[in-house]
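Shown next as structure tokens: one chain only, the form predicted alone.
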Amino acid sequence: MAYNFKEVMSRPERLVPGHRMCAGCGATVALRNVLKAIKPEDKAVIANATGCMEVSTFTYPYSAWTDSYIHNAFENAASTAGGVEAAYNALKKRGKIDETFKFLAVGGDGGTYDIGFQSLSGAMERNHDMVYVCYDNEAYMNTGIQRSSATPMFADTTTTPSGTVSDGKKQNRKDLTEVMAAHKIPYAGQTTLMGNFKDLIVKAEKAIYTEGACFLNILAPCPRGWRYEAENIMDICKAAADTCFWPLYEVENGEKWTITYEPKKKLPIEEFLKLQGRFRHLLQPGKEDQVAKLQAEVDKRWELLQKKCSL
């Protein structure tokens, strides 16, 4: 997609400073850059599921969002955004609205992978002209770091604690981007915070300006839940991509699969694990089998993705 990246980055902020998000929070950085992809002349409506972004960016009557903003329950951000989009189309057809609006639903992994999955799937199936943005921090961070279906295998959370009787979460994480691609929606993209954010913003712009239902899944680390220092967030995101724990790719119409970042040298999963306290127990002597199991799962998923992208 041809556009002036410098111009995009110089656009006015739509998620402004003064909110209460934690230092080093990936969700804030992710959403700030997604909103950069909206053209200045266009307006937006944001439907935000309950979670970190909602409780920290909107405390009535104050808001860090410059666009129209709706606070939703955990489970219905996607259906709300779809309903507003349908109302907008009806009003525009009657000549009562002239402006161009873009519709975004926003949720964390708890409100997307789990509690909000039904309304998300329905909105995608109905093909509303909207984008659902998941800031995936891989647990219910706002309510106490409980595991979600996005939590990786062996991660330490408050409901899957590591210790003498457990190595953390037993199950593999759900691959929601693939689930959304299976809906045959116009666009699904997976990205994270890397370099100058170009991969994220290119995908956000493509999603926002592709007609129909689109989905964007962004790995957005949480300093409290992942246990890292704020300044290390970019290193963690790059390690996620370089180990292929979190591949960067996109799917168009459920058929055209494209890897958008392929590491020159695929790193072992330990390079990702060692940067976070939630996996500290895996780096102790005697945990080699668990690390090997996690590595095998990453390798399997990466090889399957490569096959899909080569068709």
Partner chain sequence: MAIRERLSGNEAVSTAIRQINPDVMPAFPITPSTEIPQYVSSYVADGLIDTEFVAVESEHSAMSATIGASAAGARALTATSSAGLALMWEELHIASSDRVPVVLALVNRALSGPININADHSDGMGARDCGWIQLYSEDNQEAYDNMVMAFRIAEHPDVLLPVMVCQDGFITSHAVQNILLLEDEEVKKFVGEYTPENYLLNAENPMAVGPYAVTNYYMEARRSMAEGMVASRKVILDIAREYETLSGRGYSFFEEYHTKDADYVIVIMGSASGAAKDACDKLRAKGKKVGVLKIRVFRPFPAAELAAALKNAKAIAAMDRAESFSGNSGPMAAELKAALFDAKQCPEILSMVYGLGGRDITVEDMEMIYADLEAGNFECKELPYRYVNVRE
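Residue numbers count along the first chain shown, from 1. Quantities reported herein were computed from a predicted structural model and do not represent experimental measurements.
Beyond what is shown, the protein has a form predicted together with the partner chain; the following relates to that form.
J.: Would L248, K293 and R301 all count as contacting the partner chain in the predicted complex, using a 4.5 Å heavy atom cut-off?
T.: Negative, none of the three is within 4.5 Å.
J.: Would you check, heavy atoms only and a 4.5 Å threshold, whether K170 touches the partner chain in the predicted complex?
T.: Output for K170 is no: heavy atoms all beyond 4.5 Å of the partner chain.
J.: Give a yes/no on whether E271 approaches the partner chain to within 4.5 Å in the predicted complex, heavy atoms considered.
T.: No, E271 is distant from the partner.
J.: With heavy atoms only and a cut-off of 4.5 Å, decide whether K203 touches the partner chain in the predicted complex.
T.: The answer is no: K203 has no heavy atom within 4.5 Å of the partner chain.
J.: Would you check, heavy atoms only and a 4.5 Å threshold, whether E252 touches the partner chain in the predicted complex?
T.: Result no; E252 lies far from the partner chain in the predicted complex.
J.: Select, from the options 150-158, 229-237, 114-122, 211-219, the stretch whose residues sit within 4.5 angstroms of the partner chain in the predicted complex by heavy atom distance.
T.: It is the stretch 114-122.
J.: Only one of F103, Y187, Y135, Y140 comes within 4.5 Å of the partner chain in the predicted complex by heavy atoms, so just point that one out.
T.: Contact residue from the list: F103.
J.: Going by the partner chain in the predicted complex, which residues of 95-110 come within 4.5 Å of it through any heavy atom?
T.: Sequence-ordered list: K96, I97, E99, F101, F103.
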